[in-house]
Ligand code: GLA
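Given next, in structure tokens, is a single chain: the form predicted alone.
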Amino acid sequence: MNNPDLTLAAETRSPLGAPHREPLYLRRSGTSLLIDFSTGEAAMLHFGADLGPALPDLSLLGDAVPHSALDVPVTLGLIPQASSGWRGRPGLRGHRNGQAFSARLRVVSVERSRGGRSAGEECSAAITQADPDAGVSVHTEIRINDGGLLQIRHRLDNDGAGPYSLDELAAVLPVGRAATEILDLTGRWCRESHPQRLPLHQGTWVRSGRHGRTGHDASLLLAAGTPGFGNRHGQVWAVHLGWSGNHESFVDATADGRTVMGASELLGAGEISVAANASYETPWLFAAYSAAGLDGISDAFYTWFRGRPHHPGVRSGKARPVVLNVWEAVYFDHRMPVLLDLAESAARLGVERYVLDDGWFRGRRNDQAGLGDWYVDEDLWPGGLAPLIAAVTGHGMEFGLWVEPEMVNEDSDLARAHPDWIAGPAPRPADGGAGGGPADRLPEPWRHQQVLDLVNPEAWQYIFDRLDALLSEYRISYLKWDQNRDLTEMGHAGRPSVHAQTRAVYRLLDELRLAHPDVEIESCSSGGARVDLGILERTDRIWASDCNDALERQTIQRWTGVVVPPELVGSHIGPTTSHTTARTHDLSFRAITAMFGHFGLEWDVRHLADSERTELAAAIALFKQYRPLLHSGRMVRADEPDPALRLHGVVSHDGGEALYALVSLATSFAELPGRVCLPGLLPDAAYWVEAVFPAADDRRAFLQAAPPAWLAGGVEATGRFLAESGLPMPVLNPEHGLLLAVRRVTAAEAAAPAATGGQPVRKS
């Protein structure tokens, strides 16, 4: 239990299967988990709302026994198992050469921990269950963090004499009977994190990810809730698996009326064989409950993220820098005068980090060659990267570099020297000789690349040494770490190896961070194909999508942000016309969209018109002004009844200030947007609301003969009025937005109108 806030209580041990007298009741931040041990098995009774300090006599609350069923109540175990009568999806599937296929796990020990804000509340535990006949035991860690986010993971120990073949070990939790709808996310390249809903019916809803990475279509969260649950209303139960490889998440509604949700690593055929006295550990399952809609789920995840000692800003003490990435400005055109010009232009605009993207290493003139040859190209850079880095840092900016260490082009010195380092369905000969057998067959190419087998110790060491050398030689503050293909037919030494490859990547990141603790790393994977809490334990931000189209980004960022806070979500102002969709958007819409993330640019800013340069510099300055709020406050998303409009914002935890974005996605059925509510403020506090971007007379943004009167100078209203009645909004052109700044009126300002003819004292 690696949590310094917790004090470990004495371990409670019993003979195998003997009942523990006290149930396990974990409570924190409005969330609770209740586990009963009276049958000798760890039985899950409740996950969700806090049940209060006192529990009834659980011995009187056993389930009824129906006709044509088992003669005893069926237990929903911490590891659901057929040996207890569970007929839903089992928690453990495995065997010993076809034997010991149905475990009967019973409790051996329970360790309880107390801590957090209320030292009297149990908020962490470890439970060990065993089946001596099957020769396995499962050790389960559970904790509820400040903010109410629950974590659970299992470790299976092989206590038997021979190997144990593991097919699945899942973490599951009960869902309240009030849940009748399922929501998850799906997508594709340049259209990640889009929601889909369906009714919860009897049966199992399964989302499988077989990409070898998290996947563009991965569900960042799987949620079940009460009818019509939304951003700010309804009960919601949600889970996320912190794992960057193959995985499954599921909701299982059984015939006996109980529903569970959970997730597991999706293992390949024969991928995990646990040797005697060895172990397998699952990824962490993260789970949250909210009685106030999806915003409450976000609160739990954000609190956990921001409470980590290595969270960006917490670890460094620095604000998240404004980024310029040169990719969509120059692509592979790495001419020094162009790159120096970009650096100077970026610095004048207020950029704080400059990232050199793909194209700097040996043989890299396009995306078909060079991956794996991680040496600075001497033809392009006769003086190395030092002159560019000196220019960038001389302008007061940090320097970042793009890498893709997990992949290799067949057209590369590395692949020619070590063909056996390429992962595939069968071992390859080290000399590259062709024999016409399975060893000559590679997985189908993807973007002209194959996967480097990092399970191979020599390949792993080569990549570590090259990256370590670059970071040691040059003043690099940031790595944009890309991963641009699915791991189809991923194998090492003839066996499936997605699990081992994922662990090898984690170890590579961990060792590099240990060697270079001040270097930040971004997880990019063709955009948002590797967004999960496993990779985010080792990186400082994610690239949500390769699409910089502001309209697409409104949905991508909104739903990515249900789990991941904005300071970790790269969000850039792209070119006027998007390179991925060919849509054209005004700068104000692109800037407002990028504002609610880790803000940056991916645009050739050398030749901007004077008006564009002025507007862009103002947007960067505005982001810097509100950056502390955007990267620390509570995210709020209105349940806006007009599908053409969206309103979201960030409110400080003390209710003192907020920044909202009203965005028009399309034309509306109504002539007027009417009164739009601003949620999340203190009901009885007075607030000053004003539009801060774009200017109120910007004819590109607004489609109206006359705006609401308050738009010209601002208005004062209570938090209750703003949340319940709202303000009349201007008519926005489609694909435009408006930023609203809100701050609490002080007592002195509230008293001022009497002395100033009824006008409040404005404070900039």
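Each residue number is its position in the shown sequence, starting from 1. Quick caveat: nothing in here was measured; it's all calculated off a predicted structure.
The form predicted together with the named molecule exists for this protein as well; it is not shown, and the discussion that follows is about that form.
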Residue 526, heavy atom within 4.5 angstroms of the named molecule in the predicted bound form = yes
Touches the named molecule in the predicted bound form: residue 310 (any heavy atom, 4.5 Å) = no
task = Decide whether residue 484 counts as a contact residue for the named molecule in the predicted bound form under a heavy atom distance cut-off of 4.5 Å.
result = yes
query = Is there a heavy atom of residue 603 no more than 4.5 Å from a heavy atom of the named molecule in the predicted bound form?
reply = no
request  = Look at the candidate spot formed by 327, 447 and 546 and say whether the named molecule comes within 4.5 Å of a heavy atom in all three of them in the predicted bound form.
outcome  = yes
query = in the predicted bound form, which of the stretches 393 to 401, 143 to 151, 222 to 230, 353 to 361 has residues with heavy atoms within 4.5 Å of the named molecule?
reply = 353 to 361
Contacting member of 541, 240, 585, 480, with respect to the named molecule in the predicted bound form [4.5 Å, heavy atom] = 480
ask   = For 183 to 204: residues with a non-hydrogen atom within 4.5 angstroms of the named molecule in the predicted bound form?
value = none
